[in-house]
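Just one chain follows, in the form predicted alone, and it is written as structure tokens.
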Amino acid sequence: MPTPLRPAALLLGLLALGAAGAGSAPPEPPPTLAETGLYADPATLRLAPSVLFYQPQYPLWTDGAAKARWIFLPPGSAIDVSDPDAWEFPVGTKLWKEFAFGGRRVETRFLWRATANDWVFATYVWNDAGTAAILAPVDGVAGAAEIAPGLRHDLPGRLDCRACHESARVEVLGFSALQLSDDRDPLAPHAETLRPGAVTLAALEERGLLSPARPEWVARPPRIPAATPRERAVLGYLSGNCGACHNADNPAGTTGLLLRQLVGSREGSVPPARATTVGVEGGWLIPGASGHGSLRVAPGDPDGSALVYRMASRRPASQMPPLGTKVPDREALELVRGWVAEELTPRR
């Protein structure tokens, strides 16, 4: 039986909790996944008709897990998209993300806006038969599934969830204007072909689920401005996998490393992930490096780029992202290394 996991990012979690502010305790999550409202028939795992399936175009890497994602919006409600980069979800919104390894369901994460001030975070552990899931302990579960020889997947604790989802506000990761854009990036690492019925920006607009209406997102779907198709995929990957922390609203943004792509940016502006990395000196040094070893991205030199080094590392003191992965994303590393080595001009 897996043992409870001590939160790997307790300090980050406490910082995130501080950002949420004081107040009464939020409601407790239901004891079983079946009681969250995901299924119309838990016995057959038939989804509730009000649940919408979606697929972000830049999926988050989690050690090769296959994922499925759903959202529920209360009837008659809409998402406030007045700020195109900071969507406000109505009270009652629920989101689920299912993780499977080797064809077996392992966990489903649950995010629920229970009140105007309270978001509830929970993880549900699937039984071996894949027929039902129960609420995980507050501290998560260690070693829930094998992901590689000698390595096992850990289910996050609630503080771990808050470390990624909370900054100045609660972030709903993977459900945004860029992630749901109908202009899909064909080079995005681990890109998923859109399945029939998956909601996109155009579908949300057509259903009246965006307020105010955003017909311009249908006419001109959000797209990362980039010099080449490979650069677009690199910047999208960094936004989807690193931008939750590395943005101006998160304590990590105080370093000046900004990786979240903003769809509300001024037209013609340089993407933040490019402006704050390429040729920019950072505060983290590659071990044993000299010269430009502290450059976040050293043009023409992936081995001298701190960003590449930290993506490849799985040492706790250097790996990025710091949570949720024990195996480097080789497909993304190949993409980023090629961009740095072949498309960026070294400084003279």
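Keep in mind that what you see is a predicted model, and the values were worked out from it rather than measured. When you see a residue number, it is the position in the sequence shown, counting from 1.
Omitted here: the form predicted together with a small molecule. The next part is about that form.
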- prompt: Where, among 221-229, 254-262, 75-83, 183-191, do residues come within 4.5 Å of the small molecule in the predicted complex by heavy atom distance?
  reply: 254-262
field: Contacting member of 113, 274, 105, 246, with respect to the small molecule in the predicted complex [4.5 Å, heavy atom]
entry: 246
Contact residue in the predicted complex, from 202, 100, 173, 198 (heavy atom within 4.5 Å of the small molecule): 173
The small molecule in the predicted complex reached by all of 157, 240 and 282, non-hydrogen atom within 4.5 Å: yes
task: Please run the contact check for residue 56 against the small molecule in the predicted complex: heavy atoms, 4.5 angstroms, yes or no?
output: yes
Contact test in the predicted complex: residue 121 vs the small molecule, heavy atoms, 4.5 Å: yes
message: Whether residue 96 contacts the small molecule in the predicted complex should be assessed with a 4.5 Å heavy atom distance threshold; does it?
response: yes
task: Classify residue 306 as contacting or not contacting the small molecule in the predicted complex by the rule of any non-hydrogen atom within 4.5 angstroms, answering yes or no.
output: yes
